[in-house]
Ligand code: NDP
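A lone chain, given as structure tokens: the form predicted on its own.
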């Protein structure tokens, strides 16, 4: 472990008292109906950083009622695109103003590096601005080729009340991939952040109130999946559920929502491959692989945790990856030089470690890491950068989402074999290919079963481009115009111009 790059505790000033998080319901900040609360302990520093209201069924019912009444009243749902855009732009400006504060709370609650958190908050503000642009350019269709005296119009209308359930790994960014698009469409919402990262969503609620969003349009209920998430999914007054998280929970949401046939949009897990061919720019590929697996400590649905390397270059590539992995700064997330912070919970760290241990017992070779990491001066949980070679496609570490800083390496001998390995998975979120041959890249992009394919890059994202998965990685899309369409219903209006319709029944004349 001594040859790793480890950053010990920084001399950062921590908050004197925990962040106090309450529900936002119908424009009012409130405690839970039963007074229940829960604490969030920092995964990197080991002390309580947030004290939050713990929601129950009554709180959810109150929030859904507020969202339903606000939508039906039409103050927001029937407002102009100009007015919606103006508010979303104001929120984006407020996010920029509060970037330091939001980033600090996200780091304390999630364990991610402060530099990364700041970049995510900046990216989230951009999403609010992009959604504002969509609010002003949203439109339906007209059809004037239906025959004489006929005109068809397709209206785009907000779907209604949306339950938004977000995860702990990118709490502020992911709520910003959903909420501003729902608001741009004219929807109202009830939002539940993860119980592990409630603070930044509460801060967002403060900014929405400051920006002048009408009461009841956005409501925030804190707490656990049971009962809060369940109630948000099953209530008949909710028209849609959008969820980001594990595939297992996503399947449960689909089952729960089926009773009321509400729309469900899911962004779920991934076991995302990067395929490296011998003609690739290996220096760039190694850097992208290291970034892809260690970014956010691998706690990322887009984590490039599975690489497929051509057998002719496999040993060289693994050696380069191990060498560069040793240089990645792991440690205190409050140090601006840290690139990989803490693991979200002790239980999750044990799960990560179990995948590595099981792979080693099955014949895989741990070339680097494979154990928890000690960071001087900190009482949290960290895991070493880990590279596991000689992995076969049947091993759990090659097929299941580890969600940690663990890289699985498989080899292939031909394009056909590579595509077979890529598509031999329950997931289909993203995939990448590295080759200087454009034909190789294009064929791979066409045949890979994934919602996103990167060629000679990894994890570049833009507000304009849709994001989502196929197979067990989810359904529906976020971002781009597709992200707005998720929150819209199409209504057909068919109009006859003039009294030209031939009678169906001729009246009797006798």
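Remember, it's a predicted structure, so these values are computed and weren't measured experimentally. Numbering follows the first chain given and starts at 1.
The form predicted in complex with the named molecule is left out here; the points below concern that form.
Segments offered: 90-98, 304-312, 248-256, 200-208. Contacting the named molecule in the predicted complex at heavy atom distances within 4.5 Å is 248-256. Here the marked residues 286, 292 and 321 all miss the named molecule in the predicted complex; none has a heavy atom within 4.5 angstroms. Of the listed positions (351, 143, 139, 78), a single one reaches within 4.5 angstroms of the named molecule by any non-hydrogen atom in the predicted complex, namely 351. Contact with the named molecule in the predicted complex, judged by any heavy atom within 4.5 Å, is made by just one of 428, 223, 385, 160: 223.
Remark: residue 229 counts among the residues lining the named molecule in the predicted complex, judged by a heavy atom distance of 4.5 Å or less. Using a 4.5 Å cutoff between non-hydrogen atoms, residue 192 counts as a contact of the named molecule in the predicted complex. Contact check for residue 185: no non-hydrogen atom falls within 4.5 Å of the named molecule in the predicted complex. Remark: residue 235 does not count among the residues lining the named molecule in the predicted complex, judged by a heavy atom distance of 4.5 Å or less. Taking the named molecule as it sits in the predicted complex, the stretch 143-176 comes within 4.5 angstroms of it through a non-hydrogen atom at 165, 166, 167, 168, 169.
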